[in-house]
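Given next, in structure tokens, is a single chain: the form predicted alone.
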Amino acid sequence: MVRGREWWRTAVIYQIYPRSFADADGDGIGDLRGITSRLPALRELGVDAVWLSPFFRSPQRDAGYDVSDYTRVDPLFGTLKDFDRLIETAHELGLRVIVDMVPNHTSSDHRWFREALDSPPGSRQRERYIFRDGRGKDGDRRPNNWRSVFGGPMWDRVTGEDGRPEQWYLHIFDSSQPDLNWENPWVRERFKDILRFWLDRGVDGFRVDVAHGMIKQAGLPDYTPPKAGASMGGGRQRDPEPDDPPYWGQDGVHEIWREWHDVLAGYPGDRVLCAEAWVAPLTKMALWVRPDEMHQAFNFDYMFAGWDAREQRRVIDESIAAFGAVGAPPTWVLSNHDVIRHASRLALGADSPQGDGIGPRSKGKPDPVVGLRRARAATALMLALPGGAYLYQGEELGLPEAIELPDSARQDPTWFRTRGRKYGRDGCRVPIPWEADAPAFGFSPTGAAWLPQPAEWAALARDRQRGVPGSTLTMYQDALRLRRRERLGSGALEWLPAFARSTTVVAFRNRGITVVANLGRRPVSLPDGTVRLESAPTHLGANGRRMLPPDATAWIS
């Protein structure tokens, strides 16, 4: 655990996707007791905190991001007592716990929405959500032309008690996820109560889903994205469009985060807010982490930077400058539950816009050998950078995207709303392997798994890699140990002049560590010194100097 005030500035935080991490009761879906049983492995890995994706009460139409009760644990995952035990165990191990908060929308099963449907237009219950009359003589045309992130229109019409169609409600995501009206003070106060409920139970902070949403432009004007697919967002977009759609990144969201900041500031222990804010450029993203707002924001520009030395240097420089300008640390990330795992994404042979996913019929499938080499190199580079970092469960094992999932197994709403045109995010959510020879590779005692695990993952199971020199797990452990020992998170980056214009090499110093990443196709000579970490084996060249192979990173002192 990173100690002292503002621990989050340098922390490495591990994302747990509960349904795919560890299943204690054998139903094939991960749960809180399963997570608790595996926390010692995360302490051994060397992370400082864990972030739990939603485990709240939910009909699970979008894997828990459709919340029907924010203060109850879904029975699928356990009970509040199970959660309290998880918090207790994590803190005993020196791990902090961050939970996912989903404030942009609720489930259509939420009591608030059911009350809105049972109440007339203009009622205070309806004002909790975004209801509007339709356009046209009979109101049968949608209030505007917005398109849902998951495909199809962003509006659904409701039926009155007399059986006649009446108003429309807004849902940026699935129709089962109606957007809340954050202009309503009642909504704001209820969420402050929800935050306090979990803070009182000991959580160390919140990752906030769709932190750039919630406030919509006044009048809800029509909007047409500048190119097909560009309006994807909320963790589902690759290139945020520069003209600012009327449902993302509105100035009013910052007032919400100032209010939340004040709530957390009233608790001891330096609690943290992390923004999932898909906005561009980086200077705009940095507005979410001004001193009186949130503490961290995921750096998606870095996540999607190409495997190119010039682009890597550019985004690193811009990130440090943009976040530093508001007094915040950069927060680096390469994978999460919404994106193609970087052990596959970095070796794709064709473009795959964020949210589309890859599957059996995709073009440009990744070379798994190249993908793993680049993933290891990218991680070794990332963990040497100053600031904080997030890891996604299973990346420490080198897990690739599960590409060959059968159509019948898929569960992502994107798959259904696009009628199979987009594979969605199931491929990065497959349950992870713990023991090669156990049922479900140790994920579940019965062998059940809510998504099928690739047979070849046996070789990547944690027990096959633990203590093995050169394994991906060992490399992560070594990198995290050295990062903490050398205090790289609180260091400062200095580019090496010899490589400043290189088209294939990224090289810098941070405190006493020299970092060289070879993104090219030929070996490069390393500076003099002792190799402390290598993502791929270095070797002596004919010139007598130690050589770094392609798609590899080394730390030298």
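Residues carry their position along the shown sequence, with the first being 1. A quick note: this is a predicted structure, and the numbers were derived from the prediction, not measured.
Below: the form predicted together with a small molecule, not depicted.
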| query | finding |
| --- | --- |
| Every residue of 19, 38 and 435 near the small molecule in the model of the complex, heavy atom within 4.5 Å | no |
| Touches the small molecule in the model of the complex: residue 179 (any heavy atom, 4.5 Å) | no |
| Non-hydrogen atom contact residue 65 with the small molecule in the model of the complex at 4.5 angstroms | yes |
| Residue 254, heavy atom within 4.5 angstroms of the small molecule in the model of the complex | no |
| Contact label in the model of the complex: residue 425 to the small molecule, heavy atom within 4.5 Å | yes |
| The single option of 128, 342, 429, 295 touching the small molecule in the model of the complex, heavy atom within 4.5 Å | 429 |
| Listed residue (285, 210, 389, 154) with a non-hydrogen atom within 4.5 angstroms of the small molecule in the model of the complex | 210 |
| Which of 38-46, 507-515, 487-495, 57-65 sits within 4.5 Å of the small molecule in the model of the complex, heavy atom basis | 57-65 |
